[in-house]
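The chain below stands alone and is given in structure tokens; this is the form predicted alone.
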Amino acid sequence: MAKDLRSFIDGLRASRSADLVEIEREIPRDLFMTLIQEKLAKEGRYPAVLFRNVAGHGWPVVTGLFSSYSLLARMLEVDPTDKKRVLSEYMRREAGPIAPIAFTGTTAPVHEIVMTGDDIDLDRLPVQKHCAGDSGRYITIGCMICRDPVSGVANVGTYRHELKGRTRMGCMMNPVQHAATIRNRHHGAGKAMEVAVFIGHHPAYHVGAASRGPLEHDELAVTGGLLGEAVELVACKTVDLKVPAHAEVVIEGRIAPDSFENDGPFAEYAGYYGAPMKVPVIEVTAITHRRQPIWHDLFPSFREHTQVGVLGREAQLFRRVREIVPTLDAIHLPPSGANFWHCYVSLRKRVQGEGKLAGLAVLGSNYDVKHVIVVDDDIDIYDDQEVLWAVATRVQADADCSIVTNSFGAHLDPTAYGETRSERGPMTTKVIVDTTRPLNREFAQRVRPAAQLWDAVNLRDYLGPGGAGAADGRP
């Protein structure tokens, strides 16, 4: 059976882990789903959340599928406690893409229900307003497929789509993203661009869509490698494109030349509202979906927004930095960095200056990164507290911090500046913090439990399966 959104949720449910929370109580369509995610986060919990009863809609809504590294591990079917293996397994599978194949059944699941013409109504979909200051309701985790008119290659990327009416929705494409290049090529020839947006599938589809590569890069082949099985494609009903046959929903349409409308304000990944902008508009020609579909949503100003693409970015950085620093041990873009603005680098230092060299390699390989913290391999880079402990105990700022000014960075950073520091622009100041211990002089020895005892003691033998001490709660 093909891996899809349903099979992934079933797997989470069967694992009986804390990675899935199911809510039966009726919940309003707008603002409440994101509010519950934030309430869970305040308790240090970042599960996938399945809302079974959204007021006014018969569809369940799942969100939070990328909220933790544990969920990314489950996507790859690896041990969630072995965080280093998550990236290595991703890199192994990414390196073995599997080309898509044609769906061979009679009716593809995503075509069980087909709506065209007067039956099209985007408001029937349980699309929510995520934050109070948003300008409207947004599809936030739709994978859009379009075709490059030059190479003929299909491109897949994740964009946001604000609902504009029964048959119209926006599409916010960053000018440097592949879909924007493809749209410009179509419109330069005076032609509309056909698109198909699929919503609701196995998380590997979204991680594959976020993988890094040239314009001709085949994201669906990468997805196949991540899944360990070929993606099955089926022809759309009203546009000349193919979509994953086991998706929950597909929205087909066209973007006409010079068709733009306002989009925003919108709650962005950095935790601030982005300013309104003009975006292309999709004229919807069909909506197809499975029977009893599950809607997939993503909270855009929450940590899961950037976690969708974190493995692709980490893999790219790991390969490039290791070319410069062969003793690289691990690399991590933590959720605390908003949009990949923090990077933690672990290495087995051989020579003085290698920590700074690793930091420079990171800054030269990804313009989003703003702060690089380089640590020795005794520090767990998946634990912010460990990294900050290294900063506190192994750094003197005048010797160990390097500042790079006027560097291109993330334009959505609210502190970014232009040619003069008084204007907004795409430039940021970047910092390398080298916490690696010196090699040419003695440094204090870290206190650690005896390794033999650590491995021999199982807490459950002392605390019991419930994690408590004695029955009355006393130690």
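One-based numbering along the sequence shown. All of these numbers come straight from a predicted model, not from anything done at the bench.
Below: the form predicted in complex with a small molecule, not depicted.
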{"query": "Heavy atom of residue 141 within 4.5 Å of the small molecule in the predicted complex", "finding": "yes"}
{"query": "Non-hydrogen atom contact residue 116 with the small molecule in the predicted complex at 4.5 angstroms", "finding": "no"}
{"query": "Touches the small molecule in the predicted complex: residue 285 (any heavy atom, 4.5 Å)", "finding": "no"}
{"query": "4.5 Å heavy atom contact, residue 352 and the small molecule in the predicted complex", "finding": "no"}
{"query": "The small molecule in the predicted complex: contacting segment from 395-403, 149-157, 381-389, 89-97, heavy atom within 4.5 Å", "finding": "149-157"}
{"query": "Residue (of 290, 305, 242, 137) lying close to the small molecule in the predicted complex, criterion heavy atoms within 4.5 Å", "finding": "305"}
{"query": "In the predicted complex, the residue from 262, 365, 184, 177 that sits within 4.5 Å of the small molecule by heavy atoms", "finding": "177"}
{"query": "Contact test, all of 61, 120 and 162, partner the small molecule in the predicted complex, heavy atom 4.5 Å", "finding": "no"}
